[in-house]
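Next up: a single chain in structure tokens, the form predicted on its own.
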Amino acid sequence: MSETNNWEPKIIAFLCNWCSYAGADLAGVSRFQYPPNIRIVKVPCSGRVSENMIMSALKSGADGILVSGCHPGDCHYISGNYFAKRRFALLSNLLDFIGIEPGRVSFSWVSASEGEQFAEVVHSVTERVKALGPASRLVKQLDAVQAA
């Protein structure tokens, strides 16, 4: 069996404190099963997730990124999720330009009462990233640095 068959993606999930993080908590409390590949970073609002945070996570070796926030119209900061959606649309163009595959960075809306929806989102993001394989663009090459 090759090393690629055992490979599991590392996914960083930036979750809005008020909705998506609470949805993740509900998924756990309700014992909805989802892949353990995500590492959660709780942010006050999805609108606070900058392009630099996403690019830094990719450079640090994340195979995938999930940004999740409140549904449109339900943001606790009134319009933060609209800013996040606009920022994500612009970032998608940049990622495509530099060769990051579509599907490696995902955006979703999950409310606090949607634990099962959160589990489904994590499952679909994990499957999509697993199909893309390990990230190779932007990732620091440690072997080259150590050899120098």
Partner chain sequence: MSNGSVLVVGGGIAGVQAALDLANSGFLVHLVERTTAIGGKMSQLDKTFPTNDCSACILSPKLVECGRHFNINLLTLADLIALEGEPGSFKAVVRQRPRYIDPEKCIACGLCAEKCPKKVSNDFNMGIGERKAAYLSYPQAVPLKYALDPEHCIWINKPGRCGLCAKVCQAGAINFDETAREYILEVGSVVLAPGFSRFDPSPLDFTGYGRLPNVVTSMEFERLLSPSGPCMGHLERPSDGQEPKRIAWLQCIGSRDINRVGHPYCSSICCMFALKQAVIAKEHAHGEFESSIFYMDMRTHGKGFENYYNRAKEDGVRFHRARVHSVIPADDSGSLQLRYVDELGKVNFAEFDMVVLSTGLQVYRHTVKLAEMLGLELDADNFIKTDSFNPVATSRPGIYVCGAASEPKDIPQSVMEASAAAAEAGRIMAPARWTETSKKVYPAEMNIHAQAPRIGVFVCHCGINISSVVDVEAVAAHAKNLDGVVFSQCNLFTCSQDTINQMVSIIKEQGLNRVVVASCSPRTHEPLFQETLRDAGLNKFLFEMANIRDQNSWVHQLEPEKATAKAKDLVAMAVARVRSEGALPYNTVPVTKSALVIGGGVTGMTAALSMAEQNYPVILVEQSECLGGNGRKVYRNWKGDTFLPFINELTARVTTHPQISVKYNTEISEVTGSVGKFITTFSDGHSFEHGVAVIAVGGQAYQPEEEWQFLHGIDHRVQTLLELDQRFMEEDAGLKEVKQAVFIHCVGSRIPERPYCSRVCCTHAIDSAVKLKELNPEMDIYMLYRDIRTYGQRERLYQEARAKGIIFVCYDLDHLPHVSERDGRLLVHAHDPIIDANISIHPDLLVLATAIQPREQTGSLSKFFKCAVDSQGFLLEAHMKLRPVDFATEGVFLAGLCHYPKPMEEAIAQAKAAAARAAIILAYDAVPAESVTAVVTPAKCTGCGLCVEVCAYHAVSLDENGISVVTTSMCKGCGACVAGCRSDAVSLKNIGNEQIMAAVDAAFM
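Positions refer to the first chain, counted from 1. The model shown is predicted, which means the values in this text are computed figures rather than measured ones.
One more form of this protein should be noted, the form predicted in complex with the partner chain, which is absent from this view; the next part is about it.
- In the model of the complex, the partner chain lies within 4.5 Å of some heavy atom of Val49.
- Although the partner is absent from this view, Ala24 contacts the partner chain in the model of the complex, with a non-hydrogen atom inside 4.5 angstroms.
- Mapping the unseen interface onto this chain, Asn93 falls outside it, with no heavy atom inside 4.5 Å of the partner chain in the model of the complex.
- Remark: Phe88 does not count among the residues lining the partner chain in the model of the complex, judged by a heavy atom distance of 4.5 Å or less.
- Contacts with the partner chain in the model of the complex, taken as any heavy atom within 4.5 Å, map within 30-45 to Ser30, Arg31, Phe32, Gln33, Tyr34, Pro35, Pro36, Ile38, Arg39, Ile40, Val41, Lys42, Val43, Pro44, Cys45.
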